[in-house]
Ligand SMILES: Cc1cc2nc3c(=O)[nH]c(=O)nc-3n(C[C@H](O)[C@H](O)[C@H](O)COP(=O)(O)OP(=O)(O)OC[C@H]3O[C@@H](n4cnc5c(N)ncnc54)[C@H](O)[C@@H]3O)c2cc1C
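In structure tokens, the next block holds one chain alone, the form predicted on its own.
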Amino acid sequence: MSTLAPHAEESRGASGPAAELRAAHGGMRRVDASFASELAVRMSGGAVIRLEEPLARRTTLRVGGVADLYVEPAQERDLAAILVFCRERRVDWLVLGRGSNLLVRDGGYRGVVIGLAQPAFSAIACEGLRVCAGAGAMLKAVAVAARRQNLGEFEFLEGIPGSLGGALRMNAGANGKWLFEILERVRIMDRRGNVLEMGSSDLAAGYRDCPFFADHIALSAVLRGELSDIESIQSRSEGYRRRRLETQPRQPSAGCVFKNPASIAAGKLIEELGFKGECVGGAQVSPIHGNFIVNAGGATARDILALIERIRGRARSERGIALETEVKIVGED
């Protein structure tokens, strides 16, 4: 049986944050200790289950409320069991990678948050020109593995602070490169727990989005590079690293907040509108890069959302531009 580990805050009793959150949402929620115990019976001994898990510590913005239930499957059949059980109980679920492109509202997430952080989902193997990596593998680790095999085309991944699964969901990119440019095929699991393999051409990926992964979970992917000399690979990697240090803030953030509209880069637009350095509570538009909102200290999700709406409102009223968020926003107010 998997480990059922309620978060320590539960021990505070009826007056603690967990009880306050339950009261705010009208009594007991559908996902409770009973739900967790029944799910645990269906999973292997290596799986982890935690009630009322704070999501602020699992996102790079360091804000957000708690998840009703946080689960780390130890193997693919655990993941299938989670999806089947949630479907039976009509409970929502969310796959969480490193949380580098995610804003969780202060009310937390009503449902099950799934983390693919265990070794079964993080393995990386190289063969010839190809790298096969689990969805939980960090992009930097994928790039390092490729470099050790003298494989180019992976260098841009080193600067993206996320997992491969999250990168597939949003067709992550940097420095004019996109993940789907090097993607050959991917193994996925659907909502019923079925596993299948698809080629990259079967997936309609666009700018910062692959809608297919809104209701399918990536398990692993095969990426293809090109042979290159180690000096060239290291030179490109170092160039990308220097550019990141010069143009991106080091404070907690979720990366670029907005997608670039057709007419102008979002960061340039935000700078021209005079938002650089503007604050709402502990949230601040980075003085370094206009398309980054950082947690300058003590920010709440509400602070960040207010700043996002302020920027969107002025972009619409002064420039006639409808900014679309790149960061994914989930949870309840």
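Numbers for residues come from their place in the sequence shown, where the first is 1. Just so we're clear, the structure is a prediction, and the values are computed from it rather than from any experiment.
Another form exists, predicted together with this ligand; not displayed. Remarks below refer to it.
Engineer: Just one of Lys140, Arg244, Arg224, Arg185 has a heavy atom within 4.5 angstroms of this ligand in the predicted bound form, so which one?
Structural biologist: By the 4.5 Å criterion, the partner-contacting residue is Arg244.
Engineer: Could you tell me which one of Val131, Ile82, Ala172, Leu151 places a heavy atom within 4.5 Å of this ligand in the predicted bound form?
Structural biologist: Of the listed residues, the single hit is Ala172.
Engineer: How about Arg147 - does it come within 4.5 Å of this ligand in the predicted bound form, if we only consider non-hydrogen atoms?
Structural biologist: Because no heavy atom of Arg147 falls inside 4.5 Å of this ligand in the predicted bound form, the answer is no.
Engineer: Going by a heavy atom distance of 4.5 Å, is Ser122 a contact of this ligand in the predicted bound form?
Structural biologist: Ser122: no, not in contact with this ligand in the predicted bound form.
Engineer: In the predicted bound form, is there a heavy atom of this ligand that lies within 4.5 Å of any heavy atom of Phe213, even though the partner is absent here?
Structural biologist: Yes, Phe213 sits close enough to this ligand in the predicted bound form that at least one of its heavy atoms falls within 4.5 Å.
Engineer: Any of the heavy atoms of Leu94 lying within 4.5 Å of this ligand in the predicted bound form?
Structural biologist: Heavy-atom contact with this ligand at 4.5 Å: present for Leu94.
Engineer: Counting any heavy atom within 4.5 Å as contact, can you tell me which stretch out of 195 to 203, 233 to 241, 70 to 78, 250 to 258 lines this ligand in the predicted bound form?
Structural biologist: Comparing against this ligand in the predicted bound form, the contact stretch is 250 to 258.
Engineer: Going through 88 to 119 from first to last, which residues have a non-hydrogen atom within 4.5 Å of this ligand in the predicted bound form?
Structural biologist: Stretch hits, in order: Leu94, Val95, Leu96, Gly97, Arg98, Gly99, Ser100, Asn101, Leu102, Leu116.
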